[in-house]
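Have a look below at one chain only, the form predicted on its own, in structure tokens format.
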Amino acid sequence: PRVATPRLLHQRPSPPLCARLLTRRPLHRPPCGLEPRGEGYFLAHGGTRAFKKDAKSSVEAPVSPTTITDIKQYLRTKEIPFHDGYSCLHTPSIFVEPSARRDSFSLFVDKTTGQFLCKDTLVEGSWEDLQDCLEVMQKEEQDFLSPRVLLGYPESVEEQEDREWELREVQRIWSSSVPFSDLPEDEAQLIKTMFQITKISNATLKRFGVRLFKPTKSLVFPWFGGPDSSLKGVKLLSAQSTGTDKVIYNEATVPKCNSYYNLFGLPLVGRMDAEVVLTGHELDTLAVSQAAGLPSVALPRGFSCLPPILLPYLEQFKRVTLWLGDDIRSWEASKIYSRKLGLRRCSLVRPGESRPRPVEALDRGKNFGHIIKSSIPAAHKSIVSFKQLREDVYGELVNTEQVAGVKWGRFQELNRILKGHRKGELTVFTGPTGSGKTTFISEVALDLCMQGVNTLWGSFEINNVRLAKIMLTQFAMQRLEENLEQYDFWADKFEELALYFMTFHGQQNIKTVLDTMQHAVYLYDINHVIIDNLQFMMGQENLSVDKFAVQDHIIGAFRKFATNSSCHVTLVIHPRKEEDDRELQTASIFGSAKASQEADNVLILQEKKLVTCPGRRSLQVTKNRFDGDVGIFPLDFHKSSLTFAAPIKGRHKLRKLAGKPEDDEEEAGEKEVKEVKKEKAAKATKTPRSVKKGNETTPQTPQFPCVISFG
């Protein structure tokens, strides 16, 4: 259900997310990843959170989208002075008395969304909310408004109790933590060795306020914020050994992950500092500060997200160096975030052997000054030479696996063909009516979301509640209606996924959908958008009486969005009507010409309706622009968990399409298939299944080798 919009002083149409204090109201207990055990706590690997409706889980179309030109024109009509910043407009705060304003331009308006934030009072809200306030001021001839004029939703008793409990929990963890200066030297050195930070000095740890929480042997990173620089939250970091020279870090935050907006290291930045190094981890910030002597801050959730609410705190810097990690994913995130921050002031540290992540660079004794000075400017001209692309090409050759994209955990055969899920691509997916397209693509998207791919679902055919139920069942791998006592456990874990849903249903206008997608990419750093399906947008378009021209226009719009937003778009399209005994082809896609041309990948869910044995369904990849590999593999549907999975017990090869150069591999695969068939025939005790064709009965030949269990 949609949350009702609170009434403002001057009511006007406004988006569901109205203005409220920046200090979010926590809605959970216990904190993310932190669970009680005896007198202490242990750090859960994946993190948990109590199931509760989150307003951000549903993404709605922005109401009356605002452009930067509209914002500037409105401010001029109200005679409000402003400075044009990198990603925000700076104006005098209307929530502070003129005599008490420390900074005459402390209210920031986001150029993209119109959202505003007052750094002095921490009041935030939408562009419509700010317009309401300005009109009230003008009508009542006031020179400022009280911050309480824009109140959020009234707290329920449960919400108030949760908020107070979290505040107490933050203070309890912090007071129970021990500064490194108070630890015995041998114990401090042991902890540093466990976290692989032996080169970071106690002085650096003390300056940033890092402590040790002994019950879980976790490092505690504080969040000091607000006008009074009070303690607003903590992040706990634990280290898990892998048996190699690497360690796995597990994080837990109080308050919850989605309410944790800490730029770690920001209190140490001076008001006159003009340069900052933006990192993806608190340990990297410690390393940069110690080795380079430069102001450095860390993103609250690593390189996976840069919340727009943090942009005002980065406006003072004339130069921002993004050093987010040492792999391709952090490099791609750097390029995306430089657009949010302003291309002309950003430079990026390209990953490489000579440029590892900061904490590793410190351990290897690298020259931080040289690495930062050799960073690449984010802004570039429209035409580039190979000299400018040379390092990028080399980086793709060195990091072949990472360039291929995020790997699926449940669909290894899909990894073999497509190699991975990549940003900026368009995937067209089709299959017969009733074959399970939505169920299959929801599991494929869920698999990626579990690997850290921020996902936005646009389901126009089935409502979000039913879709969420399907995905939760696939996530838990069981029918929760038969195990209701486990619902909260799985819902807690499922809620932690970066998964969002559009609130559309039925036919929609393509412009509205694209505006919502762009809005979600900016706010939530969405990497994957699923549109199910294209036919539900064609009825709203009046470009031409020719439905194929309408479809071509829509596909072209999604192609452009995927490229410009560096976001993968999966588009579900119904096929044309085919006979039940015929396999679908690329030409079977409705209006296939434009769809197959624009798509980077074409996936077809094949279904043999006259077959009931394993191998009835299969997934066929008929186009793969990344490296050209195509093929087909069987799928097994497990009704109890609503999941698809290719057989793993039998030995089978991917069947290559005819006419491809991999003939030798195909022949080897067919030979192995024959061996498996012979082995099955020797053990078989029943006659093969048959299918009636007219008055004749012919044995049904399975397209794929049946799975043989040797258990």
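Note that residue numbering begins at 1 and tracks the sequence as displayed. In this text the structure is predicted, and so the values were computed from the model without any measurement.
Another form exists, predicted together with a small molecule; not displayed. Remarks below refer to it.
Engineer: Name the stretch, out of 114-122, 624-632, 435-443, 167-175, where some heavy atom lies within 4.5 Å of the small molecule in the predicted bound form.
Structural biologist: It is 435-443 that comes within 4.5 Å of the partner.
Engineer: Would E461 count as a contact of the small molecule in the predicted bound form, using a 4.5 angstroms cut-off between non-hydrogen atoms?
Structural biologist: Judged by the heavy-atom cut-off of 4.5 Å, E461 is in contact with the small molecule in the predicted bound form.
Engineer: Answer with yes or no whether F637 is in contact with the small molecule in the predicted bound form, where contact means some heavy atom within 4.5 Å.
Structural biologist: Output for F637 is yes: heavy atoms within 4.5 Å of the small molecule.
Engineer: Just to confirm, H574 within 4.5 Å of the small molecule in the predicted bound form by heavy atoms?
Structural biologist: H574: contacts the small molecule in the predicted bound form.
Engineer: Would R617 count as a contact of the small molecule in the predicted bound form, using a 4.5 angstroms cut-off between non-hydrogen atoms?
Structural biologist: It does: once the small molecule is placed as it appears in the predicted bound form, R617 has a heavy atom within 4.5 Å of it.
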